[in-house]
Ligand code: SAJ
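In structure tokens, one chain follows: the form predicted on its own.
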Amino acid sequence: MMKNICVVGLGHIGLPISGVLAEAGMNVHGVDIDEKVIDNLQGGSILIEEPGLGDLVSGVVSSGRLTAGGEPQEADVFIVAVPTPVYDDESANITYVEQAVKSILPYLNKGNAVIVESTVPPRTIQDKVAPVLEEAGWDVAANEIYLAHCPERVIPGSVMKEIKENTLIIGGYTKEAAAKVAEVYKLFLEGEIIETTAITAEMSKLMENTYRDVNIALANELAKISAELDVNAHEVIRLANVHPRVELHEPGPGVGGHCIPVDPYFVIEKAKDVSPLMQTAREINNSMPEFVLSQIEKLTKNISNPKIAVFGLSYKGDVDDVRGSPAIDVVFKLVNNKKNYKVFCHDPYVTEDQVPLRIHPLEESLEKADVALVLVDHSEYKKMDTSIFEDRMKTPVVLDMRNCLPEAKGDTRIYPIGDLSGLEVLGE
């Protein structure tokens, strides 16, 4: 029986997995280096905004099924769910993974399972994690420790649903390890479990997000081309997608989050000479904040110290997650621009302790603004009464970089990202 679980890393993945395992009847001990996370969790509260997670955690903490601390404890199963960011040169920083694995070494016993949920570059389990365990005296190939990679495949805002329902890929260091680890996830998983090798699991996760990154880049490039050719990219996409084998994505101000803008680099660093498509896709998507800025500059070139009302700071709609958010990138390009933009930001989810920016009420952001800039498709924006632009703004001109606003009212002009051909310079 695998009744005792130790989860290292209590962030956007580690905390939900801890909660559902505790809910399934396991005794779960969570570990994190952030004292604020531990203090809150011990009191039954969390710092993460995720529907359903707070109530779940409160319940399992109250029942005693979930505990938290700064150090690991002996367990039957150890799950590593720590961040894997990139360095300035865009190579993977797996330091946190290595440190997490080393932190559990004093607590390991023969027959334990070690699961890495963190997204990692190909061959990380084989070349980095397994050697750490072997240097500590464990014969991983002989299954003294059952080692596997189970990449997380959930999206913020729907984590509690997807963590139970999504198909799970388990990449075992050995076949026996994959089968053993599958028993853990069967405790709560409703979706299918697929067992494979560790490197195949690593690559499959990376390619899921690389596929999306490449296709978003195609849509973003289409938006740029359409601006040059005076064509509506959104209508082009709609008609192209009528074809049964075509599914173009929608363009936007860039790609954010903790996976899509990062994971392609994990593959690129391992095979740079044969990954030009992935590299180009990253360049295109990284260029979109600058493209957005160029449209603002075009609109306001005749205005001194223009006021810009920015709608949305998170990386996607209806979450408070600002990791890798292109909206943040756009805002700082505006703030640091020689044009001296007066930037007023609004976001119904993001708070000022998450970003080094002042966040204003919606009406205050719009008051006497020269341009409104929509960067995130929050539901609040999708449902808003667009007459507010004419009522509040100096010039009711809106750049909708998510193509999410309702139809314009009155004299308001709304330009979606894929249809900028009619963009007129203000003050002419």
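In this text the structure is predicted, and so the values were computed from the model without any measurement. So that there is no doubt, residue numbering starts at 1 and follows the sequence shown.
Although it is not shown, the form predicted together with this ligand is what the next lines describe.
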All of A100, K128 and K270 within 4.5 Å of this ligand in the predicted bound form, heavy atom check: no
query: When this ligand is placed as it is in the predicted bound form, which of 350-358, 69-77, 292-300, 257-265 ends up with heavy atoms within 4.5 Å of it?
result: 257-265
statement: Partner-free chain; cross-checking this ligand in the predicted bound form, the single residue of L229, A136, A179, I155 with a heavy atom within 4.5 Å is I155
- line: Checked R212, K333, K307, H234 for heavy atoms within 4.5 Å of this ligand in the predicted bound form; positive is R212
query: With the cut-off set at 4.5 Å between non-hydrogen atoms, does K224 touch this ligand in the predicted bound form?
result: no
query: Are any of the heavy atoms in E250 no more than 4.5 Å from a heavy atom of this ligand in the predicted bound form?
result: yes
task: Verify the contact flag for R402: yes if a non-hydrogen atom of it lies within 4.5 Å of a non-hydrogen atom of this ligand in the predicted bound form, no if not.
output: yes
task: Report whether the minimum heavy atom distance between I115 and this ligand in the predicted bound form is within 4.5 Å.
output: no
Stretch 201-236 - residues with a heavy atom within 4.5 Å of this ligand in the predicted bound form: K205, E208, N209, R212, I216
